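Given next, in structure tokens, is a single chain: the form predicted on its own.
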Amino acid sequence: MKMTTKLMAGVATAAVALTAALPAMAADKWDMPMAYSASNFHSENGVTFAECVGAGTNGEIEITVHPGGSLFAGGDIKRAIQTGQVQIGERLMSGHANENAVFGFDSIPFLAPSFDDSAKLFAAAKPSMEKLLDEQNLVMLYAVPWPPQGLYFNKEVNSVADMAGLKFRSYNNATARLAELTNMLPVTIEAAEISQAFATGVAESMISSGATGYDRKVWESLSHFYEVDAWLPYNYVMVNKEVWGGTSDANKAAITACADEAQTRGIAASKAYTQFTMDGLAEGGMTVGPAGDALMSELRAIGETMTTEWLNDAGDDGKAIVDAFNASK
């Protein structure tokens, strides 16, 4: 009995020593492609989120952020996550409106032109969005709006007639339709290609936030930014559903907590970035200010047309989103 006890004690001691000598379990490595430049507040927020996940999971999940479309172009990110080429990533939500109109809920002109209204609209749309994404093998972790969208031109514009014939950078169905209704020529251009597109004359105008123009130094090619507050489009971070399903409950909780922090932090950054970037555009030499009354009146009429079209395309889900949003105001 004594010999057996000594033997068991020796085996236990050896096991402890062997365990201590083994290297820590390798981290589960996730790649996170993002479409916007490393200096953009969405990308910076993504990096902070990734660091939070690393700390919150005690290093069990390690996320590497790939900004600026360096791993996948913006239009390819969602498909890469769906198919498991990468585990996680960020994409402009309305970039999927060609798949289902509901994805374009955030780009209905003048429906929710402020941060407060945008938050209410997102809350109204979130259940439909989560259902759609679940059907596509995706789980949404967090979403952050861009600052209000304004119009950029290479000349002074006082009416819709002044826009006719301009090459207009589009990034979703709504921007392409806006170009058509204003007699501009839509050209699909990813965020990473904006500077080159304007420098080479491939595009002459766009609707976007002050953030995009500031990040891409568009004052080198464009002259005017008009504050029209058309809508606040969302970027969202999604994870492959199978990857998420294979993540431990403890790590899911840690990631969810980091995602909640990222959403809160991102919204605050978007608000702060709004005036900062408009000031930056002006310092770069652009004329920055509200659009004139005549132009706004014409744009609002176009917005009514686009709203009707979106409701027709989105069907019952779209009506439910708008009804819920209106009820929350």
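The shown structure was predicted, so the numbers you read here are calculated from the model rather than taken from an experiment. Each residue number is its position in the shown sequence, starting from 1.
Not pictured, yet referred to below: the form predicted in complex with ligand PCA.
Would Y36 sit within 4.5 Å of ligand PCA in the model of the complex, counting heavy atoms only? So Y36 counts as contacting ligand PCA.
Though only this chain appears here, would Y236 touch ligand PCA in the model of the complex if you measure heavy atom gaps against 4.5 Å? Outside the cut-off, so no.
Classify R169 as contacting or not contacting ligand PCA in the model of the complex by the rule of any non-hydrogen atom within 4.5 angstroms, answering yes or no. So R169 counts as contacting ligand PCA.
State yes or no: in the model of the complex, is some non-hydrogen atom of A203 no more than 4.5 angstroms from a non-hydrogen atom of ligand PCA? No, A203 is distant from the partner.
Among the candidate residues L92, M129, L121, V144, which is the single one with a non-hydrogen atom no more than 4.5 Å from ligand PCA in the model of the complex? For this set of options, the contacting one is L92.
Select from the listed residues N240, S221, N100, S209 the one whose heavy atoms reach within 4.5 Å of ligand PCA in the model of the complex. Going through each option in turn, the one that passes is S209.
Within 4.5 angstroms, counting heavy atoms, which one of the listed stretches 253 to 261, 169 to 177, 67 to 75, 221 to 229 is next to ligand PCA in the model of the complex? Partner-contacting stretch among the options: 169 to 177.
Hey, which residues along 176 to 191 are within 4.5 angstroms of ligand PCA in the model of the complex, non-hydrogen atoms only? If the 4.5 Å heavy-atom criterion is applied to ligand PCA in the model of the complex, 176 to 191 yields only A191.
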